[in-house]
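A lone chain, given as structure tokens: the form predicted alone.
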């Protein structure tokens, strides 16, 4: 896919997320890796009203080289790309249920959402670390995300929301959507005794098959 098509796809997927309530106002940001750098949603932009020509262009060193000024949370995306060479895109949302889970003081800091469905495991993996609270835009968050992302494709920012990576832009969006659905299921089942996937079932889902 060339850069022009990637710009259009990013705006189309972002608008779909916005229309379904995964972000509100100017909340959330999305980036995608290009052969010569990155595209990112601009600062203070709505995911529902993006202009493909106005997307921020960053070079390989994450310096702003074109388009509108990038999100103040560039460092959040940079941490994932540096930790995960396989990451082709990063999606940060303030989706309601995932953010709600990030606010629970008794949540497991390594796996706050149990493996309720195979789709959650296949798209998010074995771990979903919770990053301690940082003020939005605080660059001190970067090393914490960088460390957590070494062996996790997604994280929850405490009292803030999810950050999800994927091999492709579409894959990252699908994973962010699956995380929100898993969070909703988890909250619906709190106080119950749901059946969760066993360790061997999780291992089966996360083991590559030849």
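This structure is a prediction, so every number in the text was calculated from the model and none was measured. Numbering follows the first chain given and starts at 1.
Unshown form predicted in complex with a small molecule; subsequent notes refer to it.
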query	finding
Candidate stretches 58 to 66, 167 to 175, 147 to 155, 41 to 49, one within 4.5 Å of the small molecule in the predicted bound form by heavy atom	41 to 49
Heavy atom of residue 160 within 4.5 Å of the small molecule in the predicted bound form	yes
The small molecule contact in the predicted bound form: residue 88, any heavy atom under 4.5 Å	no
Residue 126, heavy atom within 4.5 angstroms of the small molecule in the predicted bound form	no
Non-hydrogen atom contact residue 72 with the small molecule in the predicted bound form at 4.5 angstroms	yes
